[in-house]
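Next up is one chain by itself, shown in structure tokens, the form predicted on its own.
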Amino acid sequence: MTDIAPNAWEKLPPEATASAPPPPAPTFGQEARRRLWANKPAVISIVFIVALVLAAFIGPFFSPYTYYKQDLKLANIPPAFETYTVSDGAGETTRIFLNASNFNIYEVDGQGHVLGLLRGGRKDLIQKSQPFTFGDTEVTLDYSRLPARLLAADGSEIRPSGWSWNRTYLFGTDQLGRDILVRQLYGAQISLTVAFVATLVNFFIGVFYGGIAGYLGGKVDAVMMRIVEIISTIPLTLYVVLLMVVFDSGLLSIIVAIGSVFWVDMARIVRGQILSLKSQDYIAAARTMGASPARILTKHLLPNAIGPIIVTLTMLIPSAIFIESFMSFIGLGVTPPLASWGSLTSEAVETLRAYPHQLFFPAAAISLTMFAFNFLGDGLRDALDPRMR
């Protein structure tokens, strides 16, 4: 052994020291979160869904109107209208707007608030006209030809002074004079409640049913899957109609119908995941160590299949919303005066040609919500896929 003198040991200069160790690798959760936040459509969808839920359940408290209060004098008012300025001859002016679809004239203020319906003179059904008096000024509503128009005393047509937004009813009113915005928010409550409750039921039934079928396999799996096939062959519309015989038509029937038959897709997906995972080495090790089937299923198999489960769960929500809207559209959903997006769409179809805006709002809400959940599902699918690392 060679002796080394003590003075032979010297410290290395700072630039020669070893570099700092690399930071630890990100966990699967951190990687999934990073990929999800990098997906702009998914992030926008999350913001939209959160805003929709807050507006649906908190927004009605800030409105002076309810979903059932009717005012027939203010029926079918649009969210925007052309205003006219009429002088009464004494220096005072009145702002009005003409609802050309029902031949009513309403008074509005400078900010666009609807002040009320104006009553005119006796209608001339032969000439198809009606006089209105503003102080010393007389204005005639002429609806002998469409669109209706306002005529001055000398017979000249009064031209509109500009457009104004409806500040009293932001989305306008329906054929019974109810505020469409409040009914839209209450409709969002109904549709989202049905979707989330039905999806929650689907989660518990589908996950454990499919997990048990996939883990046990054999004859048990064959019998359980035949039951799933029988349930999936029953048309959902027929199933809802049969439920109407037992329950009254309404929200409960829709929730029971969707929740009792909508879980079959989740069960199939979970079964396929469990069949592919139960042959892994760590499952064999758990069996060797004496773990019970229930512990293996809940502690090892289902947590490792949580990615496809969450993605499927996200995709089931827009499907449930669409089914609820369709059932309400054909009259098998909520009963009046309750409102859902489907019932609002059904009511708006009756007046589509005269008031298309009444159909636009619920149809747009259904479309945007389904787009948002589908974009979120696509983002979660990419974020939770280990192969994307």
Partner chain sequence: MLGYLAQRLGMMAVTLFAIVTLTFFLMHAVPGGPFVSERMLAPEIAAALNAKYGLDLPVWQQYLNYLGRIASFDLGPSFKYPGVSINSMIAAGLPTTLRTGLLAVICVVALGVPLGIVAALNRNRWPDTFVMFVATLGVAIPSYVIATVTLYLFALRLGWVPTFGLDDWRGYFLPVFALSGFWISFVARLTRSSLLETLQQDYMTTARAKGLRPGQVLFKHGLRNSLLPVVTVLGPVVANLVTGSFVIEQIFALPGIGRQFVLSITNRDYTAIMGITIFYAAILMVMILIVDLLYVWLDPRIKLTKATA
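Note that the structure is a prediction, hence the values are computed from the model and not measured. Numbering follows the first chain given and starts at 1.
What comes next is about the form predicted in complex with its partner chain, which is not displayed.
Although the partner is absent here, His113 lies well away from its partner chain in the predicted complex, with no heavy atom inside 4.5 Å. Proximity of Val349 to its partner chain in the predicted complex falls within the 4.5 Å heavy atom cutoff. Contact check for Leu242: a heavy atom falls within 4.5 Å of its partner chain in the predicted complex. In the predicted complex, Arg226 approaches its partner chain with a heavy atom inside 4.5 Å. A heavy atom within 4.5 Å of its partner chain in the predicted complex is found for exactly one of Phe322, Tyr65, Phe57, Phe48: Phe322. Note on the partner interface in the predicted complex: the residue among Leu332, Val43, Ala32, Leu338 having a heavy atom within 4.5 angstroms of its partner chain is Leu332. At a distance of at most 4.5 angstroms from its partner chain in the predicted complex, none of the three residues Gln70, Phe103 and Arg122 contributes a non-hydrogen atom.
Contact with its partner chain, judged by heavy atoms within 4.5 Å in the predicted complex, is confined among 282 to 290, 230 to 238, 158 to 166, 135 to 143 to 230 to 238. Taking its partner chain as positioned in the predicted complex, the residues of 362 to 384 that bring a heavy atom within 4.5 Å of it are, in sequence order, Ala363, Ile366, Ser367, Met370, Phe371, Asn374, Phe375, Asp378.
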